[in-house]
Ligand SMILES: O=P(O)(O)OC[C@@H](O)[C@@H](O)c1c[nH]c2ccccc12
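In the block that follows, a single chain appears as structure tokens, in the form predicted alone.
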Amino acid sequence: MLSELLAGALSDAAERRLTRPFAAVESAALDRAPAIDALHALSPADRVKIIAEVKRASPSRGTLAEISDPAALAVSYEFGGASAISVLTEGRRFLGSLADLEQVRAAVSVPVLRKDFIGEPYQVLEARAAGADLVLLIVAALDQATLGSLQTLVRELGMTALVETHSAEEVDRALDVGASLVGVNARNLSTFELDQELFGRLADRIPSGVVRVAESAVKTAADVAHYRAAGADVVLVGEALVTNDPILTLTEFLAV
């Protein structure tokens, strides 16, 4: 599944590149106002922090919510206390777009993450051109040289990479390229099975000074508390927010 998602995302990027060449996207990226300091926004605190996700659908769950106005949803997330907003921009299985990200960026003052299947510099430049402050890099989707080069480009553009892992080996690979924001995804992107205990098994491999993000398998405040007790500085939440009252749900989650 991960290989399919990455191939689709790269194919879609190649299509966009036909009408918006690399040089044009690079120029737009460099012309953007400086990115917001996401590491500061997500730095460890007395209470857990939340990255709230604009997510219409997923391969495992199908359609979750229509979300006709992603900017309005993001505003409610910010009002509810989210420290950053994640926007799914993958169009085939998640029904997102870069236009969603641009609308969200224009509506909120917190950092915005482009969550997609990134495999080449063009996509990173697109993210910055659209106003992203963070970019998702999935270790399992990238060889080490590509992971390192994309991480370097993200930093050169003033953004922060959320480097997503699913195993001890992948955590080590993330740290080897200097990741300062490491996510552990409870969802296996090959089988889409969930393992909520994975974060706890890997958290100790992530040193102090690196922000720890728990991803997936969050339905209730008890799930957030579970991750917090295991050492999460930040929890990324999508489905639970788009299928319930976002402000009320965030209030409950942030109270753990």
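These numbers come from a predicted model, not from an experiment. Heads up: residue numbers just count along the shown sequence, starting at 1.
Same protein, other form: the form predicted together with this ligand, not shown, and the subject of what follows.
Put simply, residue 221 is far from this ligand in the predicted bound form: not one heavy atom of it is within 4.5 Å. For residue 189, a non-hydrogen atom is located within 4.5 Å of this ligand in the predicted bound form, even though that partner is not displayed. Though the partner is left out of this view, residue 117 does reach within 4.5 Å of this ligand in the predicted bound form, counting heavy atoms only.
When contacts are judged by a 4.5 Å heavy atom cut-off, residue 217 counts as touching this ligand in the predicted bound form. Partner proximity in the predicted bound form, defined as non-hydrogen atoms within 4.5 angstroms of this ligand, places exactly one of 195 to 203, 65 to 73, 49 to 57, 24 to 32 at the interface: 49 to 57. Residue-level contacts in the predicted bound form: of 124, 84, 88, 104, one residue has a heavy atom within 4.5 Å of this ligand, and it is 88.
Using a 4.5 Å cut-off to this ligand in the predicted bound form, each of 138, 185 and 237 places a heavy atom inside that distance. Along 145 to 167, a single residue, 164, places a heavy atom within 4.5 Å of this ligand in the predicted bound form.
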